[in-house]
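Quick setup: one chain, the form predicted on its own, written in structure tokens, and binding and motion questions come after.
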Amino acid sequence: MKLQGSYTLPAKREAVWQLLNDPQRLAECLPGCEQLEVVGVDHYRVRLKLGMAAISGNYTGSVKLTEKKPPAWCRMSVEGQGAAGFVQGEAKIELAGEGNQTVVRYAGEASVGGLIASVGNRMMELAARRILEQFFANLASQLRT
């Protein structure tokens, strides 16, 4: 499954970069995040509880940031699993400053397995987009405070 898109956030690029690299504030932005723990440099263990149709349930996994070029871009790899299945993916995240705003562009691919794979690509893409929209709305809220 391929995912790509962009969101405009109400802050300068440096502020957005700082937020994306602050584990405590980032945990507050991740939908369903119950725990985000630092396990190494730019490496996090995460526990999520999601409540969306076929992907509802508890998930544990890891997030790792690599190839960081502050404050312009980085790569992110994710792995997660729960009773409904697993997900693995990688994305490139770019931050482009436009005045007092930042456009965040992301492009990546994810693969899923287990029961969640049986819901089909279309349903998974819709669920992923909903999670991303909520995440970026939470980021925007954090940046306004």
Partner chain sequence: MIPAAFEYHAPKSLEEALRLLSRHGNEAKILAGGHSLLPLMKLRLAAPRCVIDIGRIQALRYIREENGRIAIGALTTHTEVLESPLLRAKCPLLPQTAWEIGDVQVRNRGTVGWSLAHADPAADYPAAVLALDAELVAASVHGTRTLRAMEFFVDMLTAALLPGEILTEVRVPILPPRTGTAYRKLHQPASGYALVGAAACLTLGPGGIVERVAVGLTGVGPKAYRAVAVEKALAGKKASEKLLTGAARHAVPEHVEPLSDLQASAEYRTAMAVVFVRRALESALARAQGKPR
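If you're wondering where the values come from, they're calculated on a predicted model, not measured in any experiment. Residue numbers count along the first chain shown, from 1.
FYI, the form predicted in complex with its partner chain isn't displayed, but the following is about it.
A.B. asks: Would residue 24 count as a contact of its partner chain in the predicted complex, using a 4.5 angstroms cut-off between non-hydrogen atoms?
C.D. replies: It does not: once its partner chain is placed as it appears in the predicted complex, residue 24 has no heavy atom within 4.5 Å of it.
A.B. asks: Taking heavy atoms and a 4.5 Å cut-off, does residue 125 contact its partner chain in the predicted complex?
C.D. replies: Residue 125 belongs to the contact set for its partner chain.
A.B. asks: Please determine whether residue 29 contacts its partner chain in the predicted complex, using a 4.5 Å cut-off between heavy atoms.
C.D. replies: Judged by the heavy-atom cut-off of 4.5 Å, residue 29 is well away from its partner chain in the predicted complex.
A.B. asks: Given that the partner is absent here, does residue 39 sit within 4.5 Å of its partner chain in the predicted complex, heavy atoms only?
C.D. replies: No, no contact at 4.5 Å.
A.B. asks: Within 4.5 Å, heavy atoms only, which of 33, 119, 65, 107 is in contact with its partner chain in the predicted complex?
C.D. replies: By the 4.5 Å heavy-atom cutoff, the listed residue in contact is 119.
A.B. asks: Tell me whether 53, 56 and 129, taken together, all sit within 4.5 Å of its partner chain in the predicted complex, counting heavy atoms only.
C.D. replies: Judged in the predicted complex, 53, 56 and 129 all sit within 4.5 Å of its partner chain.
A.B. asks: Scan 24 to 41 and note down the residues that get a heavy atom within 4.5 Å of its partner chain in the predicted complex; none is a fine answer too.
C.D. replies: The stretch 24 to 41, when checked against its partner chain in the predicted complex, contributes no residue at the 4.5 Å heavy-atom cut-off.
A.B. asks: Classify the change in Cα distance between residue 95 and residue 122 in the predicted complex as closer or farther, relative to the shown form (magnitude of 3 Å or more).
C.D. replies: Farther, not closer.
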